[in-house]
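There is one chain below, alone, in structure tokens, taken in the form predicted alone.
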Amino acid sequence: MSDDVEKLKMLHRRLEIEAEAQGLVDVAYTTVDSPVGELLLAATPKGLVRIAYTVEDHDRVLESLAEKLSPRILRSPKRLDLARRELDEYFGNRRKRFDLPLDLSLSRGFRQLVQQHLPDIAYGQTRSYREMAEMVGSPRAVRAVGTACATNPLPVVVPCHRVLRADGSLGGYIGGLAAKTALLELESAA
């Protein structure tokens, strides 16, 4: 590695530390490798706010976070150490439930209600969209449950991949059907 690259890394690290210390970072982000591809992780001071698959276009996701939350966004992996560790444990079959503080501010109303209840589906189990609608007390809101799952800003951690069609087929998934299949296989193998 050249001296210039090392110098830039050191300067960026110093910028991260000073910006965090002065409260200038509203959204910190990093990327991590995983068995379902590279994931973008973003957190506010309240908690993990966004996980994005590569197919969502990480640059577009960051632009959206800047518009919806704050333009003060900085690659600052330190804030995401706990999320990275828990995801590593999950993908290594050493974790079945996430204990991270979450910031659900990207969702509102019924979508947020559904997303709050998705972790109630136990690891390795699945529910239909209809069963999920019944779980949140709105048995006729099957399509709205599908929309809540499709717009889940925290896939993997908020396990929308555990919701299937009534016939047992996969339905859709924000990370693509290959990622949904991989997550379901990971959980069924544990």
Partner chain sequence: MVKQPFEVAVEQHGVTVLRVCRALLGVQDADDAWSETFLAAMRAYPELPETANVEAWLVTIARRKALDLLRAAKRVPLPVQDLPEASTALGVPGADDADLWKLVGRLPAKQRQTITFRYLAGMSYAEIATILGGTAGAARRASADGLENLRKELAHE
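Remember, predicted model here, so these are calculated numbers, not experimental data. Positions refer to the first chain, counted from 1.
Here the subject shifts to the form predicted together with the partner chain, a form of this protein not shown in this document.
A.B. asks: I need to confirm a contact call. Of Ala166, Leu170, Ala19, Ala178, which residue comes within 4.5 Å of the partner chain in the model of the complex, counting heavy atoms only?
C.D. replies: The option sitting close enough to the partner is Ala19.
A.B. asks: Could you work out which of Arg75, Arg94, Arg85, Arg97 is the residue within 4.5 angstroms of the partner chain in the model of the complex, going by heavy atoms?
C.D. replies: Checked against the cut-off, the match is Arg75.
A.B. asks: Just checking whether Ala122 would be counted as a contact of the partner chain in the model of the complex - the rule being heavy atoms within 4.5 angstroms.
C.D. replies: Outside the cut-off, so no.
A.B. asks: Given that the partner chain is not shown alongside this chain, does Ala66 nevertheless sit within 4.5 Å of it in the model of the complex, heavy atom to heavy atom?
C.D. replies: Close contact exists here: in the model of the complex, Ala66 approaches the partner chain to within 4.5 Å, heavy atoms only.
A.B. asks: With a cut-off of 4.5 Å between heavy atoms, is Leu62 one of the residues that contacts the partner chain in the model of the complex?
C.D. replies: Taking the distances in the model of the complex, the answer for Leu62 is yes, it comes within 4.5 Å of the partner chain.
A.B. asks: Any chance Pro101 has a heavy atom within 4.5 Å of the partner chain in the model of the complex?
C.D. replies: No, Pro101 stays farther than 4.5 Å from the partner chain in the model of the complex.
A.B. asks: Only one of 158-166, 134-142, 66-74, 33-41 gets a heavy atom within 4.5 Å of the partner chain in the model of the complex; which is it?
C.D. replies: Of the options given, it is 66-74.
A.B. asks: From first to last in sequence, which residues of 127-154 have any non-hydrogen atom within 4.5 angstroms of the partner chain in the model of the complex?
C.D. replies: Residues within 4.5 Å: none.
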